[in-house]
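As C-alpha cells, one chain now follows by itself in the form predicted on its own.
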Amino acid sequence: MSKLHHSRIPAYLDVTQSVTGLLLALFIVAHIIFEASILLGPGAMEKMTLFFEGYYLFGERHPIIITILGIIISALFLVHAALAIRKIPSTWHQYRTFRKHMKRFRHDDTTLWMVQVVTGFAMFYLGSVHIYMMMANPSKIGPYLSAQRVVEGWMWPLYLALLFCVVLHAFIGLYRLALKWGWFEGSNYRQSRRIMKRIMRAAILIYIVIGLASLGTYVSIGLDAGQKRIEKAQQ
C-alpha cells in the first residue's frame, strides 16, 4: 500500500506570510503614532527623528539607521507580498467566480479579504515610493523637511491614499490573523468574533483620524514655510 505524502511547504509558507504580515502591521501601528508626534509641535517631531537616527545613543546623528530600517521593512514587504499573491485569483475567470461567491454569500470576512487584496495592490506602488524615498534621503526627515516634501514635493496625495490603504490593510490583517490562529477566541467563538470586529473598526477609525490630523499639520507647516519664503523674497 502506497503512503500519501503531504508536503509541509504550504504550511511553512502560510506561517511565514502570517509572521511577516504581523510584523508589518505592528510597524504600521507604531509608525503612525511616531508620525503623530508632529501634533505635539515641531520640537516633539524633531526629538523623535533624533531618536531614530541614534542621537541619544551615539551622541550624534546617524541617518543611515533609517536606511537600514527601510531595507528591513522592504524585505518583509516583498516576502509578504510574494506569499500573498499565490492566494489571489490569477485569471479573469477565477476573479469573476470569486465575485459571484462573494455577492451570493454576503459574508463580511470574505469582503474584508477582498479589501485586503485591493489595498495590497495599491500599497505595491504607494508604499514602494514612500519607502524608497526614506531610504534614499534619510537625512531629509524632520518637521520642516518632511512638511516641505509633503507640500512642495506634492507628496500629500500619495500619503493620503497610502494612509487609508495601510490602515485598512493592517487592522483587517490583524483581525483575520486573530481569527485564523484562534487568538482571543474564548469560550464563545461568535461573541469573540463580534468583539474583535468592533475593535478592528474602532482602531481603523482612530488611526485614520490620527493620520489625517498628522498629514494636515504637515501641510499647514509646509504652506506656512512657503508663504514666509515668498514674503522674504519680496522684501
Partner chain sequence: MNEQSPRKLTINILRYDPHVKGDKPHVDTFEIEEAPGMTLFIVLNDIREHHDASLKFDFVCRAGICGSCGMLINGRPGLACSTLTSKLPDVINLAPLPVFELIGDLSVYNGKWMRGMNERLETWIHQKEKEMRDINRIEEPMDPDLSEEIYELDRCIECGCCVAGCGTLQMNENFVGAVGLNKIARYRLDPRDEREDADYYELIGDEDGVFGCMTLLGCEDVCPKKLPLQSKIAYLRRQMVKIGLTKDIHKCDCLEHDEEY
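Residue numbers count along the first chain shown, from 1. Note that this is a predicted model, so its numbers are computed, not measured.
A second form of this protein, the form predicted in complex with the partner chain, is not displayed here; the remarks below concern that form.
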Seminar exercise, completed: Among Tyr159, Phe77, Phe98, Tyr144, just one has a heavy atom within 4.5 Å of the partner chain in the model of the complex, namely Phe98
Exercise. Is Glu152 close to the partner chain in the model of the complex, meaning a heavy atom pair under 4.5 Å apart or at it?
Worked result: no
Exercise. Does the partner chain come within 4.5 Å of any heavy atom of Ala213 in the model of the complex?
Worked result: no
For this session: Indicate whether the partner chain has at least one heavy atom within 4.5 Å of a heavy atom of Gly226 in the model of the complex.
Result: no
For this session: Please run the contact check for Tyr189 against the partner chain in the model of the complex: heavy atoms, 4.5 angstroms, yes or no?
Result: yes
Exercise. If contact means any heavy atom within 4.5 Å, which of 84 to 92, 144 to 152, 124 to 132, 67 to 75 contacts the partner chain in the model of the complex?
Worked result: 84 to 92
Problem set entry | Residues from 163 to 195 in contact with the partner chain (non-hydrogen atom within 4.5 Å) in the model of the complex | Arg176, Leu179, Lys180, Trp181, Gly182, Glu185, Tyr189, Arg190, Arg193
